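Next up: a single chain in structure tokens, the form predicted on its own.
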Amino acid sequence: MPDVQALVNDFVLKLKRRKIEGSHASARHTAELLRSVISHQRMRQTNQAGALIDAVKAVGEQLIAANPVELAVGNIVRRVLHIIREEDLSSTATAIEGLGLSAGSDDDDEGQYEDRPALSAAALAAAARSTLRAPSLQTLLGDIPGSAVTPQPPSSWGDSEGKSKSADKNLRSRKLKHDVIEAINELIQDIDTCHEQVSEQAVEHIHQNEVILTLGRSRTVKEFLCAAKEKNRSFRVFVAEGAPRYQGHVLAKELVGKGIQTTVITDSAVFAMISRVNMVIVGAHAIMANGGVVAPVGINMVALAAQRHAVPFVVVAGSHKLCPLYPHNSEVLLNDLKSPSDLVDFGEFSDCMDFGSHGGSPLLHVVNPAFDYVPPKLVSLFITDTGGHNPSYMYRLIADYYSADDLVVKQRSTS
């Protein structure tokens, strides 16, 4: 599939060059790319789900390595792998149920049909555990009593039976791919509508005449506040400017355009102003499995100020930002260093360079981190597109979205 490989290479290059940044854009582009990979994937006769999983892991490994700090890329890769496993499990269960019905439908006597035992729970569980292995007919029928097994057809029917089985396998493989693509389409739609679904809960959390503090600029926070304003909630917002990029200035202009009373403060004034605040609402770059938050730099300071003054600290984020990994996992890169030009002008500080020594080692070092890590003990509530949740409940949501077999995205080595 040369066209798909070209798409993969192009996306990897964009991730490396930071041309695609932000959880929403990264998640959506990743889901669209994996949909193309699956639609062009050739299905083998046996273990169709395994073929899809290997293809997704091969691409996902490249995407994650291209920019490890964009955790949303790995989240979507793992979500797609979980979708494949779930659709394959559903297809296997449907095949087993159909097999049990067909085994009992040969008898015309209704009384004898009711006495026939169906497939036991043990057989269903065994088939579920081996969902990624192509189950043989003998395995599926092994738990059915001998009286329920259909007699072997005469040898003259061998050719037609083989053609029928081959056609059935092709139909099942096409159905599996179709179901997976449909599920990915639903995932893309959820990513696109996550802001609206989070905003629908704004009225439940923002009350009349409250004072709210936020830092920097987050689209989810903006939509959340504007939704409360549209419901005739009257409140005031303090926006910390979010140095060095000063994205808070952009958010302040957007809120004022919606008719919301807004006050811009410096980042260093957060502790001075927090005593006047009723609630802190911030966005997130990623939500870790332990309930910790990877957020824009400066938010950990806001969280500490909120805890000191007993102010609720609320994080709003879409479910595509839920990461099944922990901060101490080796696969997780919690921070990224941005350009020093955000802090200093090279022309102004060029005299701080020691060009007299060999190699021109600098006397001035500039560190410009992009993210903070906020531990779960500082978070009061998460508001996602599935509702409000405590930090201790994050593991349950993650168990619904991801499979334990896909926490480390690595293609199986073939001997």
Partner chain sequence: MQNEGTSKPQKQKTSKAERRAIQEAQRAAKAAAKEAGGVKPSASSGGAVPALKQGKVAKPSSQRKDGPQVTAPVTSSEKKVVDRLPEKDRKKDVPHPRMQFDDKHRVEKAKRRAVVNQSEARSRVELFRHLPQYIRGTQLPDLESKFFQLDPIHPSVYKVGLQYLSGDISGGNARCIAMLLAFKEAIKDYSTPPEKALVRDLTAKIGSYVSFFIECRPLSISMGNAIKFLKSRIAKLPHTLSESEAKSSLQSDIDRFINEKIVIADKVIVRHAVTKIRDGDVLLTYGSSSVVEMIFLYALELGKHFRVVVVDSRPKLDGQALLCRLVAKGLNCTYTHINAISYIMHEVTRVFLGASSVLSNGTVYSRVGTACVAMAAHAFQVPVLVCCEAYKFHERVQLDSICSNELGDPDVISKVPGWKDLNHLDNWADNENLQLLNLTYDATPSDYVSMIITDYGMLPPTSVPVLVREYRREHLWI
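Numbering follows the first chain given and starts at 1. For clarity, every value in this text was computed on a predicted model and none was experimentally measured.
In what follows, reference is made to the form predicted together with the partner chain, a form of this protein that is not presented.
Chemist: Counting non-hydrogen atoms within 4.5 angstroms of the partner chain in the predicted complex, say which of Ile265, Leu89, Ile96, Ile181 makes the cut.
Modeler: By the 4.5 Å heavy-atom cutoff, the listed residue in contact is Ile265.
Chemist: Work out which of Ser234, Asn185, Asn290, Asn335 lies within 4.5 Å of the partner chain in the predicted complex, going by heavy atoms.
Modeler: Exactly one residue meets the criterion: Asn335.
Chemist: Is it the case that Arg42, even though its partner is missing from this view, gets within 4.5 Å of the partner chain in the predicted complex, heavy atoms only?
Modeler: Arg42: no, not in contact with the partner chain in the predicted complex.
Chemist: Applying a 4.5 Å heavy atom distance criterion, does Ala58 contact the partner chain in the predicted complex?
Modeler: Close contact is absent here: in the predicted complex, Ala58 is far from the partner chain, nothing within 4.5 Å, heavy atoms only.
Chemist: Can you work out whether Leu304 and the partner chain are in contact in the predicted complex, taking contact to mean some heavy atom pair no more than 4.5 Å apart?
Modeler: Taking the distances in the predicted complex, the answer for Leu304 is yes, it comes within 4.5 Å of the partner chain.
Chemist: Just to confirm, Lys253 within 4.5 Å of the partner chain in the predicted complex by heavy atoms?
Modeler: Result yes; Lys253 sits at the interface with the partner chain in the predicted complex.
Chemist: Just one of 319-327, 76-84, 191-199, 292-300 has heavy atoms within 4.5 Å of the partner chain in the predicted complex; which?
Modeler: Going through the listed ranges, the match is 292-300.
Chemist: Taking the partner chain as it sits in the predicted complex, which residues of 25-39 have a non-hydrogen atom within 4.5 Å of it? Please list them.
Modeler: Residues within 4.5 Å: none.
Chemist: Versus the form shown, are the CA atoms of Phe11 and Glu331 closer or farther apart in the predicted complex, given a shift of 3 angstroms or more?
Modeler: Relative to the shown form, the pair is farther apart.
Chemist: Please check whether, in the predicted complex, the CA atoms of Asp336 and Val332 lie closer or farther apart than here, given a change of 3 Å or more.
Modeler: Compared with the shown chain, Asp336-Val332 is closer in the predicted complex.
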